[in-house]
Structure formats: C-alpha cells, structure tokens
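Take a look at this single chain in structure tokens; it is the form predicted alone.
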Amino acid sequence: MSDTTTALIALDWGTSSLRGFRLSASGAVLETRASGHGIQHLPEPGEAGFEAAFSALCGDWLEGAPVPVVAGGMVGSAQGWREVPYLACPTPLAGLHEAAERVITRAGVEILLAPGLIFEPEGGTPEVMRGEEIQIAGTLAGQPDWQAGSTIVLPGTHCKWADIRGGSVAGFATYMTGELFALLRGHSILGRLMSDAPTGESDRADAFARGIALAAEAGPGDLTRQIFSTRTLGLTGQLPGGVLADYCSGLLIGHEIVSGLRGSDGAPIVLVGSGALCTRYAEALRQLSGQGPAAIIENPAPAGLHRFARDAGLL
C-alpha cells in the first residue's frame, strides 16, 4: 500500500473538540480536520449527535474503500458514545486494545474506542485519565529509552504526571493547575488586579520566575497563603497588573513541579502538549531542577491512535 493511501481514520474526541486524522499504513498524517463537536457540544443530543458529528467530519473519507476507524478520548466516557471501562495500572500500553469497545454507525462503520486508565495507589486516592493514555502511547512510539523508564508530563487543565516503566504506565498523578489558574483569574478577588495591559516580555518572564521561586520556598500548606501574594504585590505596586497573571501562573506551576519532581525519581521528563504552555513548564523545570525536559512533543495523538490500531490488528 502506498504511503499516500488512506489506511486508517483516527479520532481524538474530547469534551469540547473533535479532531480527525487520515493516516497512511505507516502512520503518516495525510490530512487533519477539526470541529467544535466535542461530546458536550454535539449537533444534537444523544447517539444521533455522535453520528452527525462523525459523518460531518469525515464521512467523505469513507466514501471510497472502507478503512478501519479508531477513537480515543472522552468519546469513551460515561457521557460519550459508549462507555469504555478504565484499565487498572500498571497498564502495558501495547494492551490498550484488549479493553476496547466498539460502536457501529447506522451506515455500518465500526469504530474501535480506546479505554481510559485508573490508578489506585495503596493508601492513596484514585486517579483517572481518558485520552492522555493515547498521547502517552504516541509519545513513546519508537522511543525504547523512554519506554524503559521516564516521566511523561501532559500540561493542561488537569495536568498528568505519568510514571513509565517497561512500556507500561505504572501510575500517575493529576494536578488541577490549569483549572485552578482559570478560576483564580476569572472568578476570584485575585483576578481584579490582573490586566491585559501591554507589558514587556522580560517583565512577564521575571514575574513568572518570581512565582516559581516562591513556590520553591514553600512548606506544607503554604500554597493558599502564597496565592494571596498575587493580590498584595499588586496592591502595593511591587508588580504591575500586566504581569500578575504571569506571577500567579509561575506560583501554581512551581508548586506542581516541586511535587511532581518528588515522584519522578530522576527519570527523564518529557513534556507533551501545546508549545506555549510546555515552554512555561520547561522554564520552571530548569529553574527548579537545573535541567530542562528531554523533549517537548506537541501532538502525539495520531501516532498513539495508529499504535492502538496496529496493536488491535487493524493494520
């Protein structure tokens, strides 16, 4: 089969958005499409909404010779097209397909849905992920050293720190850093002094670094006390409104990384996600540990979905 011929359609179907990839047999991305039809923004309620969103995004891709279709993300959640159970960690990434579920559209197209992961540490509280496991699988594809042992960090609304050992997700931790920042900026007294006033990049970087430095000095329980400094530094004029968001971001990311590094055991750290946010995490890592990430991977979902399909015998 030519490497320009469609061999797989892969869907990264989240809460707020849907992305589709037309892939070759080797995993090369031939075409990418996106829509706002995440599982909470379907064109109509229920199963009909999933059918309509799927058909609108990639129906014409299937008009020729039929090819396999796989999907990962919140489409397999309790609110998704069909709920796919969580796999318990430690989980070999090569075995995700063993817990997959299938849906069949009215047109007879079969879609293989990936499971999420659950980690229940002894004496701790449960952790769950859905969609990140596909990104982790894509990040590790063709990387034997990272598969042997690494820490995969996926910054975002709910940042995941995944412990990789021997090709398996041994465990992971979730930090609500992105959501907490959004709440503080948009719905707390701290946000009232934050502004979008034009500010020099060096001033913003300095404020971000100042927040990280304060996080590095923190003791147990200090986060909620330190957060209030976002307001007092603004009130006293020590920081202008245009950099207060950067300062608060540095403080929150700094606290997350201080905690995450305690569990990384010196393994190489790989950042996965958008370039701008990962750049911030890389800066914080260098400031707190003296060492940056082993790599920044921006979009491993197509590679992860290709690996999922290959492991399931669809390619």
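Start at 1 and count along the sequence shown; that's the residue number. Everything numeric in this text was worked out from a predicted model, so none of it was measured.
One more form of this protein should be noted, the form predicted together with a further copy of the same chain, which is absent from this view; the next part is about it.
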Checklist entry - a further copy of the same chain in the predicted complex: within 4.5 Å of a heavy atom of each of W13, V70 and D145? => result no
Checklist entry - Among the candidate residues A99, A170, A173, A213, which is the single one with a non-hydrogen atom no more than 4.5 Å from a further copy of the same chain in the predicted complex? => result A173
Next on the checklist: Please identify the residue among I152, L113, L190, C89 with any heavy atom within 4.5 Å of a further copy of the same chain in the predicted complex.
Outcome noted: L190
Next on the checklist: At 4.5 Å between heavy atoms, only one of the stretches 194-202, 89-97, 105-113, 127-135 reaches a further copy of the same chain in the predicted complex; which one is it?
Outcome noted: 127-135
Item to check | Contact flag, A141 vs a further copy of the same chain in the predicted complex, heavy atom cut 4.5 Å | outcome: no
Item to check | Proximity of H37 to a further copy of the same chain in the predicted complex, heavy atoms at 4.5 Å | outcome: no
Checklist entry - Is there a heavy atom of V258 no more than 4.5 Å from a heavy atom of a further copy of the same chain in the predicted complex? => result yes
Checklist entry - Would V84 count as touching a further copy of the same chain in the predicted complex under a 4.5 Å heavy atom rule? => result no
Checklist entry - Within 204-224, which residues have a heavy atom closer than or equal to 4.5 Å from a further copy of the same chain in the predicted complex? => result L214, A218, G219, P220, G221, D222, L223, T224
